[in-house]
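A lone chain, given as structure tokens: the form predicted alone.
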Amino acid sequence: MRDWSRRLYEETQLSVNDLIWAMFIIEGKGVREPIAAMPGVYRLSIDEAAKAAVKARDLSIPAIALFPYTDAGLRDAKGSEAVNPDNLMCRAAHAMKDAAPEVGLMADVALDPYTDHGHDGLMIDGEIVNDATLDVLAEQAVVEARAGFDIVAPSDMMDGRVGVIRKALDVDGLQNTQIMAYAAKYASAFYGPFREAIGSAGALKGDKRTYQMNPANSDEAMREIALDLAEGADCVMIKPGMPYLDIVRRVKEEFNAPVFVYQVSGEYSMIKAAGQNGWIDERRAMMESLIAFKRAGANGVITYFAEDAAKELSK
């Protein structure tokens, strides 16, 4: 089949409008610190992140998802730095909005970048305490929204957090701040490079299977998504991406709600490593993986490939 004909009959199309650029930030100035487990990805100082926001605008990438690398000296049992209005995330939001106000900014809401035990919630006597964590998460979301984040994305997987966050935002006059709920976040082996990137890998005590989802479960994901939507989530996210395309399809068919996929660090790194070794065509594998998310029903993809994919799509 000739190219013009292939394009005419193409059922699924990917555009730059489907991309959210996942990005890491770190203290300093003029810093582009490579992440060993994620070739081509860097921790960026605030000034460099502001430049990246301008690049996103110029490439027509709609939004950036930001994640902090928190110095070990700022981590404590309560994740106190998460609610500091002058923390790294908040200062980055101010700078990036000044540089490129047209680009949407998404903030992670969870305590793992800020706790000395590396977990997403507060820990008492070796157990994650759900209800006590909710108030901290709500305060964190308000602090981030005040700083200029357009979307807050609770990734902690505590029960009831979407409703608590929505109420806190509304009380503070932040009704226009969107909530993207990590509604089905699986206890996955594919998160390893991310934990290195934000500095929580060495801090993590135990694992997160007590509050993240069992990879064997599908019906449970539907119950979690129904709860998050009922509590006021504007859209939901499935994480990881490629191993859970069936979940994306079920969400779209059962709820017809906006659903996003996070192509996580392990997925990215596998494609990059195989490409660098000459085992696969990296460019084609990148585009094929992104198309798969769209074909499954995703409205968009959070990905470390956003810059490369945007350039490819502009050709």
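Just so you know, these numbers come straight off a predicted model, no measurement behind them. One rule holds for the numbers: they count along the sequence shown, beginning at 1.
This protein has a second form, the form predicted in complex with a small molecule, left out of what is shown; the following refers to that one.
Asker: Among D108, F190 and K239, does every residue place a heavy atom within 4.5 Å of the small molecule in the predicted complex?
Answerer: Yes, the whole trio is in contact, each within 4.5 Å by some heavy atom.
Asker: Does the small molecule come within 4.5 Å of any heavy atom of E81 in the predicted complex?
Answerer: The answer is no: E81 has no heavy atom within 4.5 Å of the small molecule.
Asker: My question is simply whether Y114 lines the interface with the small molecule in the predicted complex - judged by any non-hydrogen atom within 4.5 Å.
Answerer: No - in the predicted complex, heavy atoms of Y114 and the small molecule never come within 4.5 Å of each other.
Asker: Answer for Y244 alone: is it within 4.5 Å of the small molecule in the predicted complex, judged on heavy atom distances?
Answerer: No, no contact at 4.5 Å.
Asker: Can you work out whether S155 and the small molecule are in contact in the predicted complex, taking contact to mean some heavy atom pair no more than 4.5 Å apart?
Answerer: Answer yes; at least one heavy atom of S155 falls within 4.5 Å of the small molecule in the predicted complex.
Asker: Among 71-79, 177-185, 144-152, 130-138, which stretch has residues whose heavy atoms lie within 4.5 Å of the small molecule in the predicted complex?
Answerer: Residues of 177-185 come within 4.5 Å of the partner.
Asker: Exactly one of I46, V264, I61, A52 has a non-hydrogen atom within 4.5 Å of the small molecule in the predicted complex; which residue is it?
Answerer: Contact with the small molecule in the predicted complex is made by V264 alone.
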